[in-house]
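The chain below stands alone and is given as C-alpha cells, in the form predicted on its own.
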C-alpha cells in the first residue's frame, strides 16, 4: 500500500472515531434532553388536568373524567391517560385503541374497544408502565389539601427514538460529508506538498542507483526542503566519491595515465570501431631498459619520479586521440588509432624513443634511460585484445634482445617462437619425471702445474624429440616460470649423489661448482644444501656455489644474509661471468666470495686485443689484492694459457684442457688423474 493511501486511511480512521464519539455524546445528550422535555410536558399536562378534575371526581362525573382521559390519551407521545382514586381503582375507562402498545398488550390485531372495565384497565396500565419504551408519570389530584386521586400518564419513547434516528442519520450524513471533505483536502495537500517531493526523491534515488546523478529541486525551507538539500549534498558526495573510485580503478596513481584495465577497455572499443570502418591501428608495448639500476642505485622514490617524467615526455609526443597507459612497473602501452601505414607507427616509435631518452634530473643527477618498443598492427597481427597484446609484448621482448634494434614489429616468425616457447615450457614441467636431465662436468685445473682441482657442474637437457636443448634456451625459461627451483634442487641432489659415488670408488673428485639461479636464493636454500651434505656425508668444501652478478642486483641484504650463513658453514662462493653484467667493486666488498671467474668473452681476444689483455690483467691484479682466487673460463689456445700463467691466474678452464664430460667419462678422467701425475707444461685433453 502506498504512503498516501496509508496516510489517508489513518486520517479518515481518526476522524471517523472522533466524529463517532462526538455523535454518540451528542445523541446521548439529545436523548436526555428529550426525556426531560417529555417529562416536563407530561407534568404540565398532568397539572392542567389535575386543576380541573377535582370537581368531576367529587361529583363522580364519569363522563367528564373519561373526556379528560380521552383528551390526554390522544395527545402526541401519550400511550395512556387514566385517573385513579386513592385506592388505585380506575375512575375512567377510556383507552386509545389505535395505540400499538395497547393493541400489543391486549393481544389483538384489529381495533380495540375504547372503554375497558376497571379491573382489566388496571392490569393493562401496569403492563404498559412496565414496558421499556414507555415512561410512566403520575400527578396527584387534590382539593383543599385533601388528596382525591392521581392522574397516571404513559409517555411513549417511540417519538423519542424516531427523533434520535433522524438526528443520527443527519449526524452521520454531516459527519460523512466532513470526513470526505477533510480526506480529500488532506489528500490533495499531502499529495502536492508531501508526496510530490517524496516521489521526486524516490525517482532521483533510482537515478543515483543507475549512476545518473540528478539533483532534487528545492522550493521550500521546511523539513522536506531540508531533506532535499541533504539528499542533494549526499548525491554530490557520492558523485565525487564515484568519480574518485573510477579514477583510481582506471588510472595509474603515479603517472595519472590509464592503467591496464582502462587500456584493455579502450583497445576493445578501438577493435570494434576499426572493424566497422575497415581501418588499421597500431598497439605498442614500451619497456624501459635497465630501469632496475635506477631503483637500486637511487632508490624507488627516484625511480617513481623518473617514471612520471618519462610518462609526461611520451604523452607530449602523442595526439589527443592516442592512448598512453602504464601496464605496471616500467612497462607502458600506446594505442594509435586510425593508422595510415606501418611506417607511420615507426615514425611515432622513433619520436617516443627520443622522448624517453630525454635527460631527467633526479636528486641533482642527470639520468638518461632508453627503451625497447614492440609493435603489433590490427588486423595483421591479431583481431582480439589478447592476441594483439601478446604479440606486441613478444615483439617488445624481441627488441630487448642483445644486438636487436630498439623498435621491433611483430612477425609470423615471432609467433612461431611464442608457440615453441609454450611447448618448451610444458615439456619443462615433466623434464625431471621423464629423466631427461643430465649433468656434465668440466674440469678446472691449477694454472701453475696443471693439476686437477675440481669441476664445474653443467646441466644438459636431452629432449626425446628435439634432441639437445641448449641451457641458454631453457634456463631463462625455467627461471621466468619458477621451474628452476625444482630443477636446481635436482642438480644439487644429483651432484651430491655423484660426489658420494666417486668418493666411495676411491677417487678424488675435488670440489664441484654448482651454478645458482636468483630464484633459488629466495627459497629455502640453506636447508636444501644442509640436507644434501648430510645425506651424502660430504664436507662443506665439497661444494662451491657459483653466482652471477645479476643476482646481486635483487636484494643486497637478503642475499648477503643467505650467503653469509652458508659461507660460515664452510661453503665457498665464486662470482661467475665477472665483467659481463653490472660489475661493481662494492659487490666484492659486501659479499663473501672466494673466487672470481673471468668470462670467456674477455679471454677469447686476449692475445689479439691489447685492451682486452689490459682488462684481464687489471681483473687479476684486483682480485689478488682482495685475496680472491681467479679462474679464467674459455681457455681454447696454448697462447691464452701461457698468457694467463704469466699473469699468475690461479685456475684455468676451457676446451683446450677438457670438454665437459658426462658422469661415465668423468669417472674415467678421475681414474686417469689418480694414476698419472701431469707434468707442469702438459696440456691434458679429454675431448668427448
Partner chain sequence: MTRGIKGARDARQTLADTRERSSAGTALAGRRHVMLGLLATLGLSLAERSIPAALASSAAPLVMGIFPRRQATLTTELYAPLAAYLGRELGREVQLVTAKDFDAFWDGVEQRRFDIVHYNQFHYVRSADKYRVIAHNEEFGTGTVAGALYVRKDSGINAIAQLRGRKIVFGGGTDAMMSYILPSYLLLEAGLKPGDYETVFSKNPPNSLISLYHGQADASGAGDILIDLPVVRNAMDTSTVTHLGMTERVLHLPWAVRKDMPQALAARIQALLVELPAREEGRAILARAEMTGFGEARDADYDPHRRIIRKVMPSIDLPR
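Numbering follows the first chain given and starts at 1. Since the structure is predicted, the reported quantities are computational estimates derived from the model, not experimental observations. We call the rigid core whatever largest set of C-alpha positions still superposes within 1.5 Å between the two forms.
FYI, the form predicted together with its partner chain isn't displayed, but the following is about it.
Shown alone here, residue 566 lies farther than 4.5 Å from its partner chain in the predicted complex, counting heavy atoms only. In the predicted complex, at least one heavy atom of residue 118 sits within 4.5 Å of its partner chain. Using a 4.5 Å cutoff between non-hydrogen atoms, residue 619 does not count as a contact of its partner chain in the predicted complex. Within 4.5 Å of some heavy atom of its partner chain in the predicted complex lies at least one heavy atom of residue 57. Comment: its partner chain is not present in this chain, but in the predicted complex one of 126, 338, 460, 74 has a heavy atom within 4.5 Å of it, namely 74. For the residues 642, 61, 662, 636, the 4.5 Å heavy atom test against its partner chain in the predicted complex is passed only by 61. Judged by heavy atoms within 4.5 Å of its partner chain in the predicted complex, the contact stretch among the candidates 494 to 502, 87 to 95, 443 to 451, 353 to 361 is 87 to 95. If you take 126 to 154 and check each residue for a heavy atom within 4.5 Å of its partner chain in the predicted complex, you get just 146. Once the rigid core is overlaid between the shown form and the other one, residue 61 counts among the residues whose Cα shifts by 2 Å or more. For residue 150, a C-alpha deviation of 2 angstroms or more is recorded between the shown form and the other one after rigid-core alignment. The two forms, fitted on the rigid core, differ between the shown form and the other one by less than 2 Å at the CA of residue 529.
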